[in-house]
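Shown below, as structure tokens, is a lone chain in the form predicted alone; questions about how it binds or moves come after it.
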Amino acid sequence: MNTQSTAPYISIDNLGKSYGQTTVFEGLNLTFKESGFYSIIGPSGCGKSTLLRILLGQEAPDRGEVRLEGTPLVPFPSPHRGIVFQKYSAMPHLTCLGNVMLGLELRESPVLGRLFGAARRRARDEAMAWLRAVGLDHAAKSFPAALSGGMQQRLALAQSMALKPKILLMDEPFGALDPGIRADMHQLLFSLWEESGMTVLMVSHDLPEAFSLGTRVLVLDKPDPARPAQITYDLALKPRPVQTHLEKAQALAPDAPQTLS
């Protein structure tokens, strides 16, 4: 994994977002170092997904600013910022291989959206390498409808990772998976993060998941329902082992449910 710099990689200054008369959050100030794994938890309606959409460039804040490496974040998506949603986002008419190749082809040929000859062979080889990395090389010719939920989420990871994003944003990526499959996905994600050195920001409702994966856990909450959400806890974690983080989560809230609703 890459060594983290002491300077902020992502800076969020006085961020505010409203929808009509409802202010989701106001005056949000955060910094994230490069190559960290950040878990963002909190009850529904506190703006966790909204914050991810702003970082992705899908939405613009109403107030304040987000900077990436000191430069204001451009408010539209970029291949340097990958996204994995809870709902699978594969193209249903393309095979697994075709779905991973699509991003590579659009990156290299944004007008035609297709490569030819040696360039296409290189893209195919790269896509197959990522399918192998997530354990889907045997399903390269399968269509998304033929995949289980865990396999579709592996495909979503391969799609994002193939573009080598600097930042990977994840919005409840494992919420729909069974516990056993979720544990496998945790190990896969953690391995990919360690190998790539990318910066991960993951929204989750699952406390053990947040503590087992994150190097820092932030709680976005509304202590007063009439006021905008704010960061109520910001906990830095030591590196793994996983069990240490799980025990810390249980020690902080031994009688708490395993999810936040």
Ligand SMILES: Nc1ncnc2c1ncn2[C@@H]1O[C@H](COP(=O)(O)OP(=O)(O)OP(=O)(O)O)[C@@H](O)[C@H]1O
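The first residue of the shown sequence is 1; numbering continues from there. Worth saying up front: this structure is predicted, and the values here are computed from it rather than measured.
The discussion below concerns the form predicted together with this ligand, not included here.
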> Is G214 a contact residue for this ligand in the model of the complex, using a 4.5 Å heavy atom cut-off?
Replying inline: no
> Wondering, does V24 line up within 4.5 Å of this ligand in the model of the complex on heavy atoms?
Replying inline: yes
>> Just checking whether S35 would be counted as a contact of this ligand in the model of the complex - the rule being heavy atoms within 4.5 angstroms.
In response: no
> Heavy atom to heavy atom, is P43 within 4.5 Å of this ligand in the model of the complex?
Replying inline: yes
> In terms of non-hydrogen atoms within 4.5 angstroms, which of the given stretches 193 to 201, 63 to 71, 27 to 35, 50 to 58 touches this ligand in the model of the complex?
Replying inline: 50 to 58
> With this ligand left out of view, which of E108, E126, E172, D137 would have a heavy atom within 4.5 Å of it in the model of the complex?
Replying inline: E172
> Can you tell me which residues in 191 to 214 come within 4.5 angstroms of this ligand in the model of the complex, by heavy atoms?
Replying inline: H205
